[in-house]
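Presented below, as structure tokens, is a lone chain in the form predicted on its own.
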């Protein structure tokens, strides 16, 4: 039987389309919106389109604005709060948040099981097993169906009151139907998390701004809980998984729900109340050996999870037995954590190399005593920029704690000052380029030092590597290794030199036979006919990615037209903002860059935009598209080409100019941004193919 709120949704949408809703419908409207929040943020299975949800949400906002007396604290509109004060208030937990005893092998679990026999008098005990999520611990209190408080763990007795921030976590309901189960007050425990993909995207955004990335999702989640501005918390898209009921009181005349006789039942109750709980991951076993087997099997699959976990938690399932076993001052006797193999290790920071990229950015790379961690041997780690070194207080000779989770790039978590002998030395960031000795500069809003010498050898090599890459000029056979080899041999010095290579000398080099030289020559010659947008991208102009290059190429006749455009004129072009426009303007005002382009033109490369051929079907003429995430069957370039065949245009970012966002797996921040713009239609691959008249089955 379907939930009645589904039909209520349809009725409300039909009514709103005709005329505004009345005050008498506000509670139904709130109930429907809570239902769809749960479907979207907890079940990840929405039942209505985003514009439909937004329509109902705005209607609720209108009703509450017209009559503020209708506003209730648990209304879906009340998630955004005022800024917190400089100091978080300290609050006492209803029940102490104790630590868990840790185990690291099967013997520890067997010993835990033996103690459980002795304390309960039972030879076979039923255990509930669930993942140990690696985030920021929280304690939540709900009273009379409403969230009234959220707090950090703190010292276990008291924590920081972070209620305004907790309210920004959309997988936590502001209203939960406790009264339906006879419960008046409920204290629950959980973990605030940032999933791996959102963490990756967040770190990318930090690095784009010149800020040091965070070491791991746990730090990101915990740090976010203590931000002073709840609106910033909302932007980080945290989630929460709750896994324990620590305290409850009943409504007068009500008895304890049957579900609260076991831990398994409490997990199911939390799920039914609208929370994300480990409902799908939990397992119940009789006897410890099955528990051990499940823990080992789960460890092998840990990297497939969207969240970081660092182990499994084993709990005696019967709550009456938990009460009988009791607690120590440190941990409950009825639970234990089975910790997975370490993803952290300590090693020594031996030296720092300063590497120069194609845009002149100087990146320090720490050279470490090799150490095995997370299945690989780590001997080199990027330490990003000067501010990162200062914030981590890194010194040559330091013992450092490093971390690697799954396929995440290793990071230095911190230095270990207590291990210092006094012989450690400060890391001195250079003020001259380590390759060409040109003075470095740093823009005011950035943390990155750059070499401004366009002829810097390191930049030259990196630019050539980018120029020949697959998404740029796609010169096969001329990858990074060969570019470096030709450069060191004096056969190649700059991008135009790619088209002036001495193939006779290359043929005399070790590893190059007649056929390989012929293939290389053919590949280089064929690249001269690459379209203008590929050349634009291949030039490596800062902030000009593939899509921006394509958008820009459509709006010019000849590449050197950009030389004549002022900064203001560039910003008037579609999809070109101040940052991108400034970078393009600077590039085309450099005489050496103009000489480079003229030289490429004389060598036969295409500097002219291709004559626009009429599409056979212009049904999407004037419509704009953006693709994000991994599509099930199409490469992004293939999907873009299909849209362009129908007259569609590809944009580089989400804005009010965008008509369609086509999303695949791990769509990320572009999807979140698009949801906030009502005019953007969000499609999956199948819907996109249907739009362009190309069924997915064809």
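Residue numbers count along the first chain shown, from 1. Nothing here was measured: the structure is a model prediction, and the numbers come from that model.
Below, we refer to the form predicted together with ligand IVH, which is not included among the displayed structures.
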Answer among 155 to 163, 499 to 507, 477 to 485, 94 to 102 for heavy atoms within 4.5 Å of ligand IVH in the model of the complex: the stretch 94 to 102
Residue 332 near ligand IVH in the model of the complex, any heavy atom under 4.5 Å?
yes
Find out whether any non-hydrogen atom of residue 108 is located within 4.5 angstroms of ligand IVH in the model of the complex, and reply yes or no.
no
Contact flag, residue 343 vs ligand IVH in the model of the complex, heavy atom cut 4.5 Å:
no
Residue 130: heavy atom within 4.5 Å of ligand IVH in the model of the complex?
yes
Just to be sure I understand the contacts: of 191, 546, 403, 386, which is the one whose heavy atoms reach within 4.5 angstroms of ligand IVH in the model of the complex?
191
Heavy atom within 4.5 Å of ligand IVH in the model of the complex: which of 199, 142, 243, 338 fits that? Just give me the one.
243
